[in-house]
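One chain comes next, on its own, written out as structure tokens in the form predicted alone.
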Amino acid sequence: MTKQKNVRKLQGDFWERNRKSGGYLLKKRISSAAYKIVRVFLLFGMCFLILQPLLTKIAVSFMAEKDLYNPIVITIPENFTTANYRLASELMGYGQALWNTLRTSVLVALLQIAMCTLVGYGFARFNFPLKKFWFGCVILLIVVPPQTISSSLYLYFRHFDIFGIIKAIRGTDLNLQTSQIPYYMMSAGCMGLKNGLYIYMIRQYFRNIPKDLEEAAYVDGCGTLRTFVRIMLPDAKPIITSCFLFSFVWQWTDNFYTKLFMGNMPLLASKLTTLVDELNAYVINTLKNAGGASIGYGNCILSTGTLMVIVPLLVLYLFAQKGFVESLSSTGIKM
């Protein structure tokens, strides 16, 4: 009874205050409620647009082939099966491709972040000749797509030489096109995938750190390198973590540089692009079906392979999301 009396009293107070305000309080409450409803619908719509393709791929990956052509089956499989995953794993050589992709992504990400951290710190803290020009080149790395220099990269590493020294010693230049060395060299030279973006992000982060920390370290007797390692690097862990995750994920799904330099190595991204062709060959040679796989079943296996490629990234994000979000929130854009 006491609670009901309090509710009636609050309602009476509200209507009394609304009458005195000329209806302002009621209008404000209605507009606030309308705003919340619209926001809920917008958020739900955005989440649905993002998650719906993924949920559809998950549902299709567990469907038998006859479910794909059953008009009754829309989302929930009628004949639940995991055969699609076994077939996709066999066609992709999933175990070997996963190991190669993991090893390459980790090595490339470590090289890129190590070099980009040094370069970003240099741009943030030191003055040197043509600094603005070189930073403009970094911006070009972000703006210019790598496809525009693919021919130059191919010819350079196909006929690799250093000021003619290698040709003078061996009598011919080196062909590095079929090895991983060119990609590691580009990553170490800050010319790898998205390196310009990492340099820019790290530079902005270091510019937001007060210079008093470095000056105090210099007063205490620390040199430039020791100050960077002992003072600045520990403080930059959030942005380094973010750039490492960006580098790892982009390298994991990259298909341009892997085809250009590592075409012979089985990687998940390259195997995924040929999965439907492998399925057709499997159906023709093993199942003796001259027509190959149907379009619907080919899309089913492709969806299954796509999930097998992105699941490790989702697991990585679940473990690293806290540091990732914190690093982005603490990175300012200070020009």
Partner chain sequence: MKKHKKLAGLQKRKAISGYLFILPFIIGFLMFMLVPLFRSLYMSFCEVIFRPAGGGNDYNFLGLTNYIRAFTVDLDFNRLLVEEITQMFYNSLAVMVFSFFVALILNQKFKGRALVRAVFFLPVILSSGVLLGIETDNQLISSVMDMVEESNTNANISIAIQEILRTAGVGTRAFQQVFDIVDGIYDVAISSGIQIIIFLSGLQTISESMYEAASIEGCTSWESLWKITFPMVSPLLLVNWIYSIVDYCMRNNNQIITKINDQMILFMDYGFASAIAWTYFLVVILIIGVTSFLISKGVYYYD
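Residue numbers count along the first chain shown, from 1. Nothing here was measured: the structure is a model prediction, and the numbers come from that model.
This next part talks about the form predicted in complex with its partner chain, which is not shown.
Interface residue among S179, N79, S89, S150, judged by heavy atoms within 4.5 Å of its partner chain in the predicted bound form: S150. Interface residue among I30, C47, I37, L287, judged by heavy atoms within 4.5 Å of its partner chain in the predicted bound form: C47. Although the partner is absent here, R230 lies well away from its partner chain in the predicted bound form, with no heavy atom inside 4.5 Å. Using a 4.5 angstroms limit between non-hydrogen atoms, K237 is distant from its partner chain in the predicted bound form.
By the criterion of a heavy atom within 4.5 Å, Q96 is excluded from the residues contacting its partner chain in the predicted bound form. In the predicted bound form, I58 stays away from its partner chain, with no heavy atom inside 4.5 Å. With respect to its partner chain in the predicted bound form, the three residues I113, Y205 and L213 uniformly fall beyond 4.5 angstroms at the level of their nearest heavy atom. Residues are counted as partner-facing when one of their heavy atoms sits within 4.5 Å of its partner chain in the predicted bound form; in 210-241 these are Y218, T224, L225, F228, in sequence order.
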